[in-house]
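The form predicted alone is given below as one chain in structure tokens.
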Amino acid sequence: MARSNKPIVWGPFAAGGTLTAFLTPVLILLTLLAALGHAPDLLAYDRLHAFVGHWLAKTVVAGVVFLSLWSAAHRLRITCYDLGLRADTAVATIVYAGALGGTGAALLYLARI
């Protein structure tokens, strides 16, 4: 039986999709509360900056960013294929490179904190 690299792609896709599904509504709610001036004191800039300054929090944030971007990239790749764009290798290269580039940008930003 031939070996497939699909688990390498589908694993982070599934993890990112699940993580994004749980975190996105919470982030929308917190952003709405902050915009209306009702953000809890725990979410003040100074406290969040201190929290993300810790190496473990940086690792978690980088993991969340990577998994979310990978999930979005894989979903975009499958959507392009479903819409008739059959250059799968080129599309995969572009979308996954974008996800890795976004993760790299997040890592650079987190390193500056």
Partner chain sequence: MSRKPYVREMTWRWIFRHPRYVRYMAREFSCLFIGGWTLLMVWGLKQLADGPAAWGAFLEVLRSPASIVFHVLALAFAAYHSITWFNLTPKALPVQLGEEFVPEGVISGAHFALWAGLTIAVLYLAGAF
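Numbering follows the first chain given and starts at 1. All of these numbers come straight from a predicted model, not from anything done at the bench.
FYI, the form predicted in complex with its partner chain isn't displayed, but the following is about it.
K.L.:
In the model of the complex, is there a heavy atom of its partner chain that lies within 4.5 Å of any heavy atom of L56, even though the partner is absent here?
P.N.:
No.
K.L.:
Using a 4.5 Å heavy atom cut-off, state whether F13 contacts its partner chain in the model of the complex.
P.N.:
Result yes; F13 sits at the interface with its partner chain in the model of the complex.
K.L.:
Please run the contact check for A87 against its partner chain in the model of the complex: heavy atoms, 4.5 angstroms, yes or no?
P.N.:
No, no contact at 4.5 Å.
K.L.:
V52 versus its partner chain, in the model of the complex: is there a non-hydrogen atom within 4.5 Å?
P.N.:
Result yes; V52 sits at the interface with its partner chain in the model of the complex.
K.L.:
Quick one: which residues from 61-86 get a non-hydrogen atom within 4.5 Å of its partner chain in the model of the complex?
P.N.:
Residues within 4.5 Å: V61, V65, S68, L69, A72, R75, L76, I78, T79, D82, L83.
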